[in-house]
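Shown here is one chain on its own, the form predicted on its own, set out as structure tokens.
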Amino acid sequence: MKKVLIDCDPGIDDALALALAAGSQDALDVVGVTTVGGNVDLPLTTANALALREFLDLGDVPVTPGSAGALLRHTVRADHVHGATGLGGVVLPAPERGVSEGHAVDFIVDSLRAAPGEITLVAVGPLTNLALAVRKEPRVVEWARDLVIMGGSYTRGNHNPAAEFNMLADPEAAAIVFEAGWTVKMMGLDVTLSAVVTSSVLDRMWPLGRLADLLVPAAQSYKPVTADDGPAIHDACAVAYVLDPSLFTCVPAVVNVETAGLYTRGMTVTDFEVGDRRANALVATSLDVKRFWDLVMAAYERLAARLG
């Protein structure tokens, strides 16, 4: 069983990623959830994480809040996409339990220190918490079993023409993470935009009982669902990679994050011509969409059976 620590900013697709992790408890041991300001402000991302922990029956997994904003510059949010609460049209019961004491950065460092080589970090929001963890204790790079992120792109942006949202939200933090010395597994827009909810996928979600109350409105939040197109569930790709890396074609690359460009700030400048340099990233370039949805829906079906 793989241990994972999920750093997130729920967020519609974060919710679907957490549901995938919750439905994969035969393969994943979620040791903690840390939150960061991103899609919406930190109090909302944290409240959503708490509500999702109980709704998804994640048990006593600690939820620890972290950084409210970017390291250096102005706040970037995506509430125009995720709605005022961060969960679009989804309404979950209010959580009964609160957050764990402390800060997400300390939780990340302490968790990795206590289990070196065992825990995979899965980061699906801005990388502020991870950057601060690296700065506080550089050995986290050695202690982490792996680092998988949803973020970046080698072809295009989504928040602007150059930058993907998670990178643009804190480019300085992203630059620190990419330069830290580990090999970042980058699930960027190039593959996540193919993980779309079509009408055939939505038809598989409707019968899932209580879980459908989350999946169906979340899956339809970004854009209309049609037979051939629909919203992409970006963040679930990072969890899916941990479960089955063979779903993805990945290529070694040197990735640098643009922090100064007037029009390109947040861009992940990706060079696949590595040569004699050390590749600091393994960049996903394609996804087996059918197998991806088979894996995701099997996990959702297991979770739905557990939830009733």
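Each residue number is its position in the shown sequence, starting from 1. Predicted model only: the values in this text are computed from it and were never measured.
The next section is about a form of this same protein that is not shown, the form predicted in complex with beta-D-ribofuranose.
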Study note, to complete from the structure: Heavy atom within 4.5 Å of beta-D-ribofuranose in the model of the complex, from candidates V191, A173, M150, A104, belongs to M150
Review point. In the model of the complex, does T34 have a heavy atom within 4.5 Å of beta-D-ribofuranose?
Key: no
Check your understanding: According to a 4.5 angstroms non-hydrogen atom cut-off, is W143 in contact with beta-D-ribofuranose in the model of the complex?
Key -> no
**Study point:** Contact label in the model of the complex: Y222 to beta-D-ribofuranose, heavy atom within 4.5 Å
**Key:** yes
Review point. Looking in the model of the complex, any heavy atom of F165 within 4.5 Å of beta-D-ribofuranose?
Key: yes
Review point. 201 to 209, 75 to 83, 174 to 182, 110 to 118: which one contacts beta-D-ribofuranose in the model of the complex at 4.5 Å, heavy atom to heavy atom?
Key: 75 to 83
Point to revise | Residues of stretch 3 to 31 in contact with beta-D-ribofuranose in the model of the complex (4.5 Å, non-hydrogen atom) | key: D9, D13, D14
